[in-house]
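Single chain ahead, by itself, as structure tokens, in the form predicted on its own.
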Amino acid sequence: MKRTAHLKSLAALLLSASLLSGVAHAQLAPASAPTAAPAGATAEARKANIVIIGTGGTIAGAGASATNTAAYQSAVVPVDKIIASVPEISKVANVKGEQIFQIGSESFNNERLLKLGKRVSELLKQPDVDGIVITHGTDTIEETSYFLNLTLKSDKPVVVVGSMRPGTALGADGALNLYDAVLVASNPASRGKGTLVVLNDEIHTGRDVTKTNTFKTETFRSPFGPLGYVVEGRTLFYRIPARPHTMQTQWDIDKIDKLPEVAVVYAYGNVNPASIDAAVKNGAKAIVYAATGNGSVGDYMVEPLKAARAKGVQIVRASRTGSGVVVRNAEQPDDKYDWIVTDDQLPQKARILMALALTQTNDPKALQQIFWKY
């Protein structure tokens, strides 16, 4: 009995010591230890002020029935109605809409591109604007985003967003894309990363992204992968753009009033040399030749391109393959012909870069450096 009583007494002492130790530990430890949040996932205490600029496109489209996912009329829904259809946005940011165009993005031209860029620049200068979202058709979203990426002089987030299905369709992707775009534009982690493109839960840099499929929602791809993702309301970045953009470039949208004509000529078997002559006659200051393979030029196309260069037209060898680097002096003696190569840029984006470059120089050596830099 004495042994049993002694054991019970010892157990009670140990339990008491354990409880006291726990109390002491609780007193020493922080009342609530914060859990580290992933980079870019913490929301600002103050809701950001975001301007959503409408330009039209599929995200503003409507079909005759819910099963029309590829056959529909684009650019018919005003931006304010698009915003109103996604009430969850108001929990993320203070937003206001502004309609600048109501067009399919295939109708973008230099004049509209400049008008959009200048308006975005005006808004970014306002202290009560924290970021911009641009709703845009997907056909030329990659060209507009690259142009803005090279010409805007602000580190505030600018996000271009679209959709592959109209809002009337089953499985419409526009509402979530827009919500994600506002999330990204509102997040301070998005500052200083240039113009971004957000679709299908992915965040891409405007420099790299391109449309790769006519109807699938996962159509947008970047050769080096997205910068990050939007997951359950969190903006997650995993890499940053390596090439100069926005604040780091030599172009300022406020100082550009006109873009020179740059033509893109597509190569194929039996391509007609008259396409080069037509571009020259129509006033092209440069021709981006979307060649096969590593910028290969058919033997019967060399002389027309040389003749165009002799008339002062810059010749840029690109590739129609969709990715990869066009190597200088590989398929053609570029030094001898005084031609330029695109590095890794796609023909349609090379047109944007060349047009901007020609606003400052017509020296082929300087132009080549620009392609290698941007």
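Position 1 is the first residue in the sequence shown; the rest follow in order. Since the model is a prediction, treat every value here as computed from it, not as a measurement.
Beyond what is shown, the protein has a form predicted together with a small molecule; the following relates to that form.
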Residues in which of 100-108, 298-306, 85-93, 249-257 have heavy atoms within 4.5 Å of the small molecule in the predicted complex? 100-108
So in the predicted complex, is the small molecule close enough to residue 74 to count as touching (4.5 Å, heavy atoms)? yes
Partner proximity in the predicted complex: residue 163 to the small molecule, non-hydrogen atom cutoff 4.5 Å: yes
With the cut-off set at 4.5 Å between non-hydrogen atoms, does residue 138 touch the small molecule in the predicted complex? yes
Using 4.5 Å between non-hydrogen atoms, is residue 211 touching the small molecule in the predicted complex? yes
